[in-house]
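Taking the form predicted alone, here's one chain by itself in structure tokens.
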Amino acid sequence: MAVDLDATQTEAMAALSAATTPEGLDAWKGAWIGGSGRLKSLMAGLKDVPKDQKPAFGKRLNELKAAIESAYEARRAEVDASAGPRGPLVDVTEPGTPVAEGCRHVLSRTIDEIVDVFGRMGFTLAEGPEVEDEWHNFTALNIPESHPARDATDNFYMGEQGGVKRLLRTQTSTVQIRAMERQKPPLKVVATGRVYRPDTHDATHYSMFHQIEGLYIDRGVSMADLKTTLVQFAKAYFGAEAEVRMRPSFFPFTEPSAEVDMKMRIKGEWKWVELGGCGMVDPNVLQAVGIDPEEWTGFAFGLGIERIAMRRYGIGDIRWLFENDARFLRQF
């Protein structure tokens, strides 16, 4: 039986040497070491070998298998190296497929445009963390412990750290507190960023959205300065015909307070749109950060960036801004 395997190995090696192309090697592999090749048949015939000859036959069969598989790998490397590249040739001088130009997200563009307008009015950009403590998100903004705005159902609380409760900020007003802590008056800043509230998602509400916060602290600042600032922004951003109106309202951190409406062009028509809130900074807020309200006054405003983008570009559903559908994003 050993003689037969020796002859088989000689035959296999001769056929392998005769294979000079990749196709020929593939054919040899199928005939000898493939799933239905000669080697598989020999192994299947091991059961018919007499019991006393099985150990020697099995050992020799394994040696044969290792030898021809090793020879095949070496021959494959040799043939591939001499054959050169396989498959269709590539013309390296042919121009490549053009890559489509990208564009900034409509929200990013809107934020940059708004910041640019306020920057021309002398406001500098301030930043603050999205994970806040209760002091910056509530207490320093004159929101008492009993206020419903602190309720767990209206906030994303994140547990305690060092005895301090943490939550995702609900408004960019937290940045005005941090700005006043870092810098004494006069100061004139705007802050943009994401804020979080557990709202049910629909066409006009989302649990994460963007705001721009404005703060101006100086001697003698009045409501007239606030309205002038908002009017100048509206005309610079929405057009010379844009208007601003302020409706009395209430916010714990401003007194007096007002809702801000701006008249902007929507599908060819000028309409009043509510964009946010504003007012004179409450004296309690100034005292909380060590600023004397007898010497300094100031105003603050907060505008919804999604609302501005939706009105300016005719977007009917806030959810479209966060779905990353390229068909929608390419429109801007």
Ligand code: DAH
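Numbers for residues come from their place in the sequence shown, where the first is 1. Every value quoted in this text rests on a predicted model; they were computed, and no experiment measured them.
Just so it is clear, the following notes concern the form predicted together with the named molecule, a form of the same protein that is not shown.
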Exactly one of R150, R75, K235, R197 comes within 4.5 Å of the named molecule in the model of the complex through a heavy atom, and that residue is R197
Find the only residue in V285, A300, I305, I68 having a heavy atom within 4.5 Å of the named molecule in the model of the complex.
A300
Does the 4.5 Å heavy atom contact test between E132 and the named molecule in the model of the complex come out positive?
no
In the model of the complex, does T110 come within 4.5 Å of the named molecule, counting heavy atoms only?
no
Although the partner isn't part of this model, could you tell me whether F253 comes within 4.5 Å of the named molecule in the model of the complex, counting any heavy atom of the residue?
yes
At the 4.5 Å heavy atom threshold, is T229 in contact with the named molecule in the model of the complex?
no
Look at the stretches 253 to 261, 157 to 165, 102 to 110, 115 to 123 and give the one with heavy atoms within 4.5 Å of the named molecule in the model of the complex.
253 to 261
Go through 210 to 247 residue by residue and record those having a heavy atom within 4.5 Å of the named molecule in the model of the complex; state none if no residue qualifies.
Q211, E213
